[in-house]
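We begin with a single chain expressed as structure tokens, specifically the form predicted alone.
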Amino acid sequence: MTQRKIIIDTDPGQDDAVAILLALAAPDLEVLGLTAVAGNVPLELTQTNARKVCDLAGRPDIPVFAGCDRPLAHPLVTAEHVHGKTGLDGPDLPAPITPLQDAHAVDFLIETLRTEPPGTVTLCPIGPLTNIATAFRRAPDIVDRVQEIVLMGGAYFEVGNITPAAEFNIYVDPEAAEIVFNAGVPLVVMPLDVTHKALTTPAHIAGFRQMGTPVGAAVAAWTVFFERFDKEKYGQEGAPLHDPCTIAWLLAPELFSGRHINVEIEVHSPLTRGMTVADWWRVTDRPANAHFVGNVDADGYFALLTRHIATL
């Protein structure tokens, strides 16, 4: 079996943690490394959280790199109001054993893409796109070597979750998003339009808890903590597990549907800064640059999560 090589660029985040666990559990995927970026919480916490997740999965061999600690052009905006002061509030996890690598995340991205055969490494950014954009800007030769980018970010029909127009990951660093969306790399986007159709339920949480493993217990606890904010905000019975959609796409793309369309990033307007302007109805002549996902089989998605995470 040929494994698909991936790098997860992340700002954990409870849903980031579940995405990492899903990837580490999937025999079809080879996780070359985790690159941490400032986002949900500052970099010191995101790199620590990434290492804690590797510990939880029993994978201290996964290299973890700290990357950019601020967006390209504006001050960092964080989301402790959603994820708690540590970013991984919920279960009480011990200090990580998995080491932090000495190299900078951007250097790791560049070196890996230059070393691996062209078209064999997929990037999975599930936080702000600062690390990816910085690597592309610093080493333009690597852009054509990327197999695909599968990212969580943006929104169109669901509008924004951090401003009326913008989704958090894109809003934190829209200048970086603009670089990535215009890079010409094959791009799959998991926006709020699809993640808000993959809501947790009491049965899903019970399924994690009933695994009877430390991983299952942690995922259940994260989900209970994480969903409290969205249940109050949206009046729904559960909360979207956003970031694992990227990994689920790699494992079972048939669970999802969308359109190959043009998506542009608004970087100038103070009113709509960070908006992903998705030409869903193809009303412009701008060339398509992204597969923008709009629907998911939620039952199939959670079955996939449960089946894989239960193996850890």
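Fair warning: this is a prediction, and the values are worked out from it, not measured in the lab. Don't overthink the numbering: it's just position in the shown sequence, from 1.
One more form of this protein exists, namely the form predicted together with ligand BDR; it is left out here, but the text below deals with it.
In summary, among the residues Ala198, Val188, Ala105, Leu192, the only one with a non-hydrogen atom within 4.5 Å of ligand BDR in the predicted bound form is Leu192. Interface residue among Thr134, Thr223, Thr122, Asn161 relative to ligand BDR in the predicted bound form, by the heavy atom within 4.5 Å criterion: Asn161. Shown alone here, Asn40 lies within 4.5 Å of ligand BDR in the predicted bound form, counting heavy atoms only. Ligand BDR in the predicted bound form comes within 4.5 Å of a heavy atom belonging to Ile126. The shortest heavy atom separation between Phe168 and ligand BDR in the predicted bound form is within 4.5 Å. Remark: Ala177 does not count among the residues lining ligand BDR in the predicted bound form, judged by a heavy atom distance of 4.5 Å or less. Screening 242 to 250, 59 to 67, 261 to 269, 28 to 36 for residues having heavy atoms within 4.5 Å of ligand BDR in the predicted bound form returns a single hit, 242 to 250.
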